[in-house]
Structure formats: C-alpha cells, structure tokens
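What follows is a single chain, given as structure tokens, in the form predicted alone.
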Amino acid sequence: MKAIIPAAGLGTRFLPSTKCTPKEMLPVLDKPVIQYVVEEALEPAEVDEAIIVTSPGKPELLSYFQPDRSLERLLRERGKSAYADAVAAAGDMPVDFRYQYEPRGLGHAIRSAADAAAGESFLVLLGDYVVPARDICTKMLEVSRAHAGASVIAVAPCAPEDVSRYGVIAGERVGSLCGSESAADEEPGAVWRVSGLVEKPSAEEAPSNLYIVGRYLLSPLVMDLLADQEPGKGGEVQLTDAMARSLEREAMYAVVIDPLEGFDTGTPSGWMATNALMAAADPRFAADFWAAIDERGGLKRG
C-alpha cells in the first residue's frame, strides 16, 4: 500500500520565510514537519512507501530524503553518532516523489500520484498535520478491515461556526472501535457510515459538525473518479467531490478522533503553538524549554 502526502503548496501564509524554504521543511523541535508525516505514513505494516506530491520549485524536499553519506561520515568522525543516525534515518526512508506542475487543488495533487497507487487502496496524509502518536492510519485500517475494505476517513467534532473551514460529513453512527454501543456519536472511536460529504458548508447547510482532519484511506475508485473530476469550490479539483461521487457506488466510513490528537502546523500561529506544546511535553526538551521561558519572566498574555 502507498501513502500519498500532498506537499505542493506555496506556503503563502508563512512568507517571507517560505520564499526559500518549503513550509513542510519548517522545523518542529528537531525535525521538519514533513518527516513527522512520513514517519506516521510508514507506521502501519501495510504501507511500503510514502509518495510526496510536490512542485518543481521545492528541491529541498528531495534532497532531505536522500542519503548523505559524506555528512554521516563527518559526524561520526567528530563523535556525533546520534546526529549521524538521525541524518541516516531520514535519508533511508522509503520515499518517492511525484510532481504537481500547476496548483489545481488537493484532488489534482493526489491524482498526480495515480501511477504509484496502481489500482489499490491508498492512504492520504495532509502534509501540515502532525500526529505524534502515529495511530490514526492504524485506526482507519482497522475500520476498513471490519467493513470489507471500504474507504475510511478520520473526522473530529468542531464548533458549528467553524464548519465553513472544512469538509464535513453526513451519515449515522454504526459502531465503535472500542466496542461500546452506548458511546456518544462524537466520542473518539465512534464509527460512522458516511452518506454525504460537503466541502466548506455554511453553518446552516452543514449536515453535521464532524470535519475531515486530513487523514484518508481511499479505494481505487476514488482515484479513478479524480481523473475526470470537474473543478469545484475555488475553481480547484476537490478531493471531497470525488469522494462524494464514490458514495453512489460503494460504502465509506468515518472514525472519530480526538481533535487534540494532532497538531495543525498550516498557519504561523499553529506552527508556533505546535513547537511550544510538543517542547513542553518532550522529556528531551521540556526542562530547557521551561527554563528559557522562566528566564524571561514566564508566559504572559498581552
């Protein structure tokens, strides 16, 4: 199975920082965002390769995931084996690349990797969402196995006024990963059968407040439908539209996750918060992080 990671965007919200550095290469602690996503993609045993869909103007991504034996050797000669091991780990990951030559939307980016998926189910992980536990894909695969290999998406509840920012599902709860039939519809682990999908609806039009969080397990049919998917909102080829069309021919399920399980690094404030929250929770950095904060009088709201 392949995992497709769209990473072709311009990173406009981070300019001028992303003028020379792709937003996916911005660091969270000691690794770039994209490495967290690749590591998560490769976590399930079913996945043998991650496919990053990028643009020609981001050679840094290709360089990062290639071996650099001279750097590794230099680090080892200087007694910095831990750094050498980290460089080797990034360069040895099973990662390949495809190109999106024009910005025509998420659906178009995923279709750019159609040859890699080759008629099989595939994962999609959005490249600006970090999941430290790396377990969402495993949960989706579990639900899919329980439902004859159906497509599965990860969803989370949001406030009604926020639904216009996301793709939102319609449907009904049909079970739970934890096996508790009495669990609430929006409780983590709840499993829904999806009957419809709406891209960025108004609060009045939204069929639920469960939004897609950027993790998908999709059937070959969805990839096929993307081949002739007409542009939707914003004049772009929307993945959600192809998924909605697939519902006419096959079942799709959703598993509810805790919205705090992942970190959205797609905005400057989200990226900064992710660094702070993960530093405070990581035993390698927590003591020094809080010492640096305390040295300046602690955190205060302005």
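Quick caveat: nothing in here was measured; it's all calculated off a predicted structure. The first residue of the shown sequence is 1; numbering continues from there.
In what follows, reference is made to the form predicted in complex with a small molecule, a form of this protein that is not presented.
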query	finding
The small molecule in the model of the complex reached by all of P44, F122 and S144, non-hydrogen atom within 4.5 Å	no
Interface segment, criterion being heavy atoms within 4.5 Å of the small molecule in the model of the complex, picked from 27 to 35, 234 to 242, 49 to 57, 268 to 276	234 to 242
Position in contact with the small molecule when the complex is considered in the model of the complex, options A170, L126, A88, V174, heavy atoms within 4.5 Å	L126
Interface residue in the model of the complex among K200, K80, R134, R104, criterion: non-hydrogen atom within 4.5 angstroms of the small molecule	K200
Close approach of P188 to the small molecule in the model of the complex, 4.5 Å, heavy atom	no
G214, heavy atom within 4.5 angstroms of the small molecule in the model of the complex	yes
